[in-house]
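Listed next as C-alpha cells is one chain, alone, in the form predicted on its own.
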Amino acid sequence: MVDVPAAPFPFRLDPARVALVVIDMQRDFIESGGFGESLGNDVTRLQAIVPTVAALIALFRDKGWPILHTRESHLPDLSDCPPAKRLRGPEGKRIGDAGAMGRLLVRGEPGNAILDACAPRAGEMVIDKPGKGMFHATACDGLLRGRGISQLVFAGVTTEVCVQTSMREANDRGYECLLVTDATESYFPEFKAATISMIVAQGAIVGRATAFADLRESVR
C-alpha cells in the first residue's frame, strides 16, 4: 500500500487493485477542427495537459499497472445518439456532421482517434462510450471487476463533463477514485476549479485529488 498526498486526505493506493482511467483524449476534443472547437471553445487549454497525461500513462506502464482509455463515440448511423444529445450546438457542427477530421464524434473517423501522445498500446483496455460517463451502455464495469480493480486514478477531458460524470458513476459502483488535477482540463478554468471542489467536498464525497508530481513521488 502506498499513501499518496491528496485532498481532502491521503489516498491509500493498492498496486494490486489500481488502474488508470484516461478519459477522451481525442483529436475531436483537443485539436483544431474538431468537435470541441466547433462549439466555439479554445482547444489550446486542453492541449496544455497532453505532456502530463502522457507522463502519467508512462508511469503506469512502467509499473505494469492496468490502463483503461475511453473514447466518446457514436455509431455511423447515430442510433446510439439521442436527439437530446445530437441536436446541440450550431447546425452543421453537431455530432455526426462533417468536420475537418471526418464526421464529428463518429466511431472510426480520424477525429475520433486518441492523440498519438496518449494512444493505447496493445493489451490496454479501450472503451467506446456513447455517453458522458464511462459506465453508461458499456462493458466497463465487467472489464474492471474481472481484473480485480477497485481503485481508479482519473485523467483526461473535460473535467466537469466526462471526467466528473465517470468519477460519480465509479463512486456509485464502489470504486475508490483519485483525480490527477494537472492531468485534466476544461475549456473553462472556472468549471475545472468548481468541479475539483465538488469532488473533494464533504469528506471526498466523490473522490480525492492530487497533483501528478505527488503521485509520481509516492509510487517510486
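Every value quoted in this text rests on a predicted model; they were computed, and no experiment measured them. When you see a residue number, it is the position in the sequence shown, counting from 1.
Absent from the display: the form predicted together with a small molecule. The rest refers to it.
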{"item": "Contact stretch among 23 to 31, 147 to 155, 172 to 180, 53 to 61 - heavy atom within 4.5 Å of the small molecule in the predicted complex", "value": "23 to 31"}
{"item": "Contact label in the predicted complex: V161 to the small molecule, heavy atom within 4.5 Å", "value": "yes"}
{"item": "4.5 angstroms heavy atom contact with the small molecule in the predicted complex for A193", "value": "no"}
{"item": "Partner contact for A48 in the predicted complex: the small molecule, 4.5 angstroms, heavy atom", "value": "no"}
